[in-house]
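Just one chain is shown here, as structure tokens, and it is the form predicted alone.
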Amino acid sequence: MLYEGDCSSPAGRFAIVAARFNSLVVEPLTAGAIDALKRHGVAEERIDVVRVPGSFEIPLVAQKLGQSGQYAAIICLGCIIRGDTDHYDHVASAATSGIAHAALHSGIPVIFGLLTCETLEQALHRAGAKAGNKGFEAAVTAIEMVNLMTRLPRSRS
């Protein structure tokens, strides 16, 4: 048996957890995610956006939302740009691990839509300029995963 998701209109609510830090980049990511959800049949009233201070704070909120039982998927959006210190490495590592943890402990798709870039220019390219919009792509991934999860065998309890 082959199990696969698709991009058909999914059921349920979607949450977008978006960092305010680096908003020049994150706002277009958020707009792209909302656009993708709407284009795939998710009504605006089924989309909640939660703003957090920065990418480091995303996992806690994603986990809490995931455990609420109100969402089919959570899309995490942020931007971490390398600076002159090792702060970038710590934030990127903690956010990545935390988002994976939130997915595994909530049992729903928690999508990693954080940009980890060397420069602001790279980030802007990935937020809708030359490299497409990674927020849009994250939302499409969420839709596909929601549809896949409904097709997987249920656990015996």
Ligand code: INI
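Being a predicted model, the structure only gives us computed values, none of them experimental. Residue indices: 1-based, along the sequence shown.
Another form, the form predicted in complex with this ligand, is not on view; read the next lines as being about it.
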In the predicted bound form, residue 112 touching this ligand (heavy atom, 4.5 Å): no
Residue contact check: residue 19 to this ligand in the predicted bound form, 4.5 Å heavy atom: yes
Exercise: residue 69 in contact with this ligand in the predicted bound form, heavy atom 4.5 Å: no
Distance check, residue 53 to this ligand in the predicted bound form, heavy atom within 4.5 Å: yes
Heavy atom within 4.5 Å of this ligand in the predicted bound form - the one residue of 57, 48, 27, 35 that qualifies: 57
Contacting member of 131, 31, 91, 61, with respect to this ligand in the predicted bound form [4.5 Å, heavy atom]: 91
Contacts with this ligand in the predicted bound form - residues in 76-108 whose heavy atoms fall within 4.5 Å: 79, 80, 81, 87, 91
